[in-house]
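The chain below stands alone, shown as structure tokens; this is the form predicted alone.
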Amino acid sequence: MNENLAALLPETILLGAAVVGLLAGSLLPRRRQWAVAVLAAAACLAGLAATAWTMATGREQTVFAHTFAVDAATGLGRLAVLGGLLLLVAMATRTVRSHARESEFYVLLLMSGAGTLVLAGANDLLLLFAGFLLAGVPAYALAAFAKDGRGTEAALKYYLLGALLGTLMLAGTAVLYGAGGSTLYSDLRTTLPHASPALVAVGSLAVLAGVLFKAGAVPAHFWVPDATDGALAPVAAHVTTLTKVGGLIGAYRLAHQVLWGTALDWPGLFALLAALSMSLGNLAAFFQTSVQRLLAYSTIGQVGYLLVAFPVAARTGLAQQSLLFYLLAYTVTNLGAFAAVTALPHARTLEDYRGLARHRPALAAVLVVCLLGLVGTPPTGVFLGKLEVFQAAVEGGYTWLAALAVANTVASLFYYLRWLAPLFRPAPHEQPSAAHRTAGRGPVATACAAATASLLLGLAGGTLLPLTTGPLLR
């Protein structure tokens, strides 16, 4: 049995920093609570360094009785989550500064991030469920962090649906254990093809329901609009971006390692979920006036595009490559949009952004890059990610799904332009309105950094794509 703790260094660093941050927060005076934010940022940087070292040295392995895989998918998931956490810490500094529970905010963020990393690398159903809990429970608390009516409602809906689907996921794990005699993916791949198809179908659907809840995919998407609109902007960015990375990589690993070996038509199901997610998300976003609610439905549509890679996972090597690169590009692009929203805490509706290009040109530029990037406009990273996903679908024989995704991409331009158009309209008053008052330099700098990263991923994507290749370890 390989019990190499060094293979879990990024996850260990985040959890260790969370424990130290919790202890430090209880001892530091309120005016010094910012030290926990510095600790969280340092933990993210250390985790990124450990991930880069692991990927550079090619130390791919499975550890702890093959329950956790350290491979290309885990490596890209770590880069996306740790880099995203670093942006979130910088984004949230002004939002939670001098809050009575400032240190706890960063502790919960680190713990949820560690759970997301577990989801990405889990090679066992029980470990997948443990990651689901570790990523979810702190996020429920973060959703209610503002302690106002909207935040409480957001957290309640998020928690209730999470508890329901978490219970369903655990029940599905028990069913699959009964059908296959194990919870380890490598064992289930051998035993499930000979088990009862009904048991396999029921158990697999229940487990997938929990994982797709994390991704915010149809039909487990109902929490997304209310949780995103009611939570603080940095928290909304976390639950619509980073947890999606863990959920989708975890679902892809489960599908590729276990489900594809059974006789059921899983590719057809994933194609249906992709079509429903992208279509519902885009249609629902058309006439939204709240910027956070618009981004919520946008993220449901983005899940649909990402799910396009799932039906062809066993047919083309482009599926994994496109999914991982798209996730990395989506992470920085979506966080850039949310950072701009965080920088303007009083601008909650599309009309509040009127005249922003004149009064806050840097933030207007960020929104242009990130929102057009989410559409898939070159030279952003999402453009290259979408191109790879669509190509994988065509190569895998799902041309109709690629065509539907292209049609949805064109349609999505409508609601992103509804947000961008007011930026360049004359403001009602010559002076900046209260809605254009920024929350400080931190969120603005974070937004600019994320938008720059999105452009760099698009321009240098050819050098990064090789990092997404490599087999999923069993």
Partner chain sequence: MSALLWALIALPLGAGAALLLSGRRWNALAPGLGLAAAAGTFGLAVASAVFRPEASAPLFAGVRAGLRVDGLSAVLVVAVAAVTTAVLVASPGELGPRENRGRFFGLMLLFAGAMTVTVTATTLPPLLMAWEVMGATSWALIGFWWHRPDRVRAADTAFVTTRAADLGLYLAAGAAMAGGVGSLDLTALTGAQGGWRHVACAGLVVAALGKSAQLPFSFWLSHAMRGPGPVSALLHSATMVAAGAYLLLRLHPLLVATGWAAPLVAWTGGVTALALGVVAVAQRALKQLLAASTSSQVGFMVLAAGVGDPSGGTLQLLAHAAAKSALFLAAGAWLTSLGTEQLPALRGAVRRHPLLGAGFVAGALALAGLPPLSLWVAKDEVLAAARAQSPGLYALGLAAAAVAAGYSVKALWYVTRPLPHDHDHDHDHGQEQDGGRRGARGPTRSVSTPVVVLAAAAVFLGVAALPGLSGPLRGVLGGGQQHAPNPWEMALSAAVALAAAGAAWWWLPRSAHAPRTASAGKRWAADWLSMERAARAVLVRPAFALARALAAFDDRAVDGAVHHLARGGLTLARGAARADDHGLDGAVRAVAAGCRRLGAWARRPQTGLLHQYYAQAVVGFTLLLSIVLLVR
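From a predicted model like this one, the values you see are computed outputs, not experimental measurements. Numbering follows the first chain given and starts at 1.
One more form of this protein exists, namely the form predicted together with its partner chain; it is left out here, but the text below deals with it.
Asks: Is R97 part of the interface with its partner chain in the predicted bound form - any heavy atom within 4.5 Å?
Replies: Outside the cut-off, so no.
Asks: Can you check whether W400 is within 4.5 Å of its partner chain in the predicted bound form, heavy atom basis?
Replies: No.
Asks: Given that the partner is absent here, does P225 sit within 4.5 Å of its partner chain in the predicted bound form, heavy atoms only?
Replies: Although its partner chain is absent here, P225 would touch it in the predicted bound form, with heavy atoms inside 4.5 Å.
Asks: With the partner left out here, check for me: in the predicted bound form, does some heavy atom of L165 sit within 4.5 Å of its partner chain?
Replies: Yes, L165 sits close enough to its partner chain in the predicted bound form that at least one of its heavy atoms falls within 4.5 Å.
Asks: Exactly one residue in P219, G317, P361, P193 has a non-hydrogen atom within 4.5 Å of its partner chain in the predicted bound form; which is it?
Replies: That would be P219.
Asks: Looking at L254, V312, L344, L273, which has any heavy atom no more than 4.5 Å from its partner chain in the predicted bound form?
Replies: By the 4.5 Å heavy-atom cutoff, the listed residue in contact is L273.
Asks: Residues in which of 392-400, 152-160, 303-311, 233-241 have heavy atoms within 4.5 Å of its partner chain in the predicted bound form?
Replies: Answer to the contact question: 152-160.
Asks: Out of 258-287, which residues reach within 4.5 Å of its partner chain in the predicted bound form, heavy atoms considered?
Replies: Residues within 4.5 Å: A263, L264, D265, W266, L269, L272, L273, L280, L283, A284, F286, F287.
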